[in-house]
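There is one chain below, alone, in structure tokens, taken in the form predicted alone.
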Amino acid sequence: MILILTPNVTTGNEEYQRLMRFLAKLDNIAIRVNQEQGVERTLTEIYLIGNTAALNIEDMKSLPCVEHVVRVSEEYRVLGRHKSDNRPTAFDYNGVRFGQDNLNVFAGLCAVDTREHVEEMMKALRDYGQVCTRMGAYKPRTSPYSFQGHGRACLPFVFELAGKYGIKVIAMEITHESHLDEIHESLSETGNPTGVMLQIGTRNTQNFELLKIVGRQQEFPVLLKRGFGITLDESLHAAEYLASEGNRKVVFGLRGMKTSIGDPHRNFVDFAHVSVVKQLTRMPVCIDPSHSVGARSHGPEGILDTMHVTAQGVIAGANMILVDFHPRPSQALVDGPQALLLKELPLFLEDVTVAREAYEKRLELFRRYH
């Protein structure tokens, strides 16, 4: 059971103290308090864990400073969408809103290679009105002999250039807890010119100790990619690991499923699950068309498969797009063959706009008939 308190209630408030004294007397009930700091208000949630079936909702609503009560009805206790649950499905970070009702594009380099390429990418994004990007500093690879990313060495110039070109959020994969400290220190050293969304890649979706560590910090939001070779349910439970440790600013990423059924694409595109994740949870949903398709293949009409599947995800209601671009893909150190070209950026963004408008028209259509 979740007790949602009246906005801006403080722990020093007498009513809050009365509430906590009452809850402490409940038998076989553990209490966990979570506070979400928004732009205009602080939201306090109290999780009652244990034998809550005997607790009457109306009785709990009558307790001091309790505004709303949610009886947990799904396994995903923190991030799940429960009956009569009107908690927000959005969060703000560094001036950018992430929610189930909007859309952000993160176009950029799968792996940072040179300062020149990073600057070209960010300048192009600025010129086309974009404030988010992807920049891989740490790259887990199948082969130990493949390029593993520049790591900490590239962080200062990536962050400085982001500030120069007005990039507010960079999606960046981490694979070890030390990367958290390196990102935090580099941001501080460069004057915090931008923000970072930590990315947990598909290989680490069930690295539970890493999930706990990332979940305990609440400075950076997290993009969790669906694990390959495991079920959707198992991946959603991985997201719960993050949230149960305190970080509720989680975006769930669909990146295609590892199976030969998807051939000739790199992975089997799973964007039909956009609406499923939004139905089961309150998380915004990201699609990763580049790693789903894995090539610059196209149909007889000339439309790239990457753009086709992007449109499919957006029309299904995706809230974020993670997509590979590169100024010179032939020089890319990671996944160059699947990267889109900078000259294709305006086409890609316009195509996304067309797909988003189609989604909004579909929403309006269904609202008219219901």
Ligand code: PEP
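Numbers follow the displayed sequence, beginning with 1. Here the structure is a predicted model, which is why all the values come from computation and not from measurement.
The protein also exists as the form predicted together with the ligand; that form is not presented, and the subsequent description refers to it.
Annotated contact segment (heavy atom within 4.5 Å of the ligand in the predicted complex): 193 to 201, selected among 229 to 237, 193 to 201, 178 to 186, 268 to 276. At a distance of at most 4.5 angstroms from the ligand in the predicted complex, all three residues 110, 134 and 288 contribute at least one non-hydrogen atom. Contact between residue 81 and the ligand in the predicted complex is not found at the 4.5 Å heavy atom cutoff.
The ligand in the predicted complex is not approached by residue 117, whose heavy atoms all lie more than 4.5 angstroms from it. Contact check for residue 322: a non-hydrogen atom falls within 4.5 Å of the ligand in the predicted complex. The shortest heavy atom separation between residue 150 and the ligand in the predicted complex exceeds 4.5 Å. Between the ligand and the residues 282, 248, 139, 168, the one pair within 4.5 Å by heavy atoms in the predicted complex involves 139. Residues of 224 to 252 that come within 4.5 Å of the ligand in the predicted complex, judged by any heavy atom, reduce to 225 alone.
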